[in-house]
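Single chain ahead, written as structure tokens, the form predicted alone.
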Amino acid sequence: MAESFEEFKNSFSYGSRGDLSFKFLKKLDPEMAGEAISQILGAIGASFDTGSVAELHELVIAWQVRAYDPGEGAVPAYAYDTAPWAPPAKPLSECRVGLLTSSGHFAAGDDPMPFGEPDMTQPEAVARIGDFMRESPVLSAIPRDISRDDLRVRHGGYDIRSAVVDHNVVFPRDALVAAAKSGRIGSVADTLYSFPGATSQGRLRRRALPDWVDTIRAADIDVLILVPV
């Protein structure tokens, strides 16, 4: 069966060609999507001559930004009257710093097993993004000193390829450890935390967060760094 261009450009967003780096194409109307693809193909061709893909990367990022820009006057999807932020009670050089990310990291041997399924693959997680969006997330506790080889990541809502190459892009454990060694912060908490952020926001606030707050408070953390993905 023939495929329309609309179906083609949309297929990169949790579709048959699922590639989360290019799911932005679904946000563009056909004319703009055609222009984006034309420019990207042109940059790929130019890279054969220059030997550099830097301009190609910049072009893809520029189109991502353009596609996701809500525009002037857009109403935020989520708005809150209050914010739980508070200044540190002491200098950062004396603070015990924790980490909470929505990157979907977990420790080998401690798979959160979404929907009760062990060893779910990344493609399977992407295919079940709708299920993730309706469920409560599971908080994974990760030892600060875990080896890179024992760190895992799975998330149906973003492209994890860069996170697999360097976990620090979304789970900056090494940066915090380096900051502690240099004296910029006092220390890093023994346990760090992560969860897959593509989840039911209502369930997250009502069911998960109260227990998470108690867990993190019990860890005697002075400053908690939040890393959204």
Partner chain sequence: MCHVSVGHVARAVEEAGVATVGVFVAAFRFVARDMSLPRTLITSHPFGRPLGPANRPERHAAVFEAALALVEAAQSGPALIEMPGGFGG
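Nothing here was measured: the structure is a model prediction, and the numbers come from that model. So that the term is clear: the rigid core is the largest set of C-alpha atoms that superpose within 1.5 Å between two forms. Residue numbers count along the first chain shown, from 1.
Same protein, other form: the form predicted in complex with its partner chain, not shown, and the subject of what follows.
Q: Report whether the minimum heavy atom distance between residue 151 and its partner chain in the model of the complex is within 4.5 Å.
A: Close contact is absent here: in the model of the complex, residue 151 is far from its partner chain, nothing within 4.5 Å, heavy atoms only.
Q: Under a 4.5 Å heavy atom criterion, is residue 109 part of the interface with its partner chain in the model of the complex?
A: Residue 109 lies outside the contact set for its partner chain.
Q: Could you confirm whether residue 181 comes within 4.5 Å of its partner chain in the model of the complex, counting heavy atoms only?
A: Because no heavy atom of residue 181 falls inside 4.5 Å of its partner chain in the model of the complex, the answer is no.
Q: Using heavy atoms and a 4.5 Å limit, would one call residue 21 a contact residue for its partner chain in the model of the complex?
A: Close contact exists here: in the model of the complex, residue 21 approaches its partner chain to within 4.5 Å, heavy atoms only.
Q: By the heavy atom within 4.5 Å rule, which residue out of 189, 40, 32, 198 makes contact with its partner chain in the model of the complex?
A: Spelling it out, the residue with a heavy atom inside the cut-off is 198.
Q: Can you list, in sequence order, the residues from 182 to 216 that come within 4.5 Å of its partner chain in the model of the complex, counting heavy atoms only?
A: The stretch 182 to 216, when checked against its partner chain in the model of the complex, contributes 184, 185, 195, 197, 198, 199, 201, 204, 205, 209, 212, 213, 216 at the 4.5 Å heavy-atom cut-off.
Q: Would you say residue 149 moves between the shown form and the other one, meaning its CA shifts by 2 Å or more once the core is fitted?
A: Comparing forms between the shown form and the other one, the residue 149 CA shifts below 2 Å.
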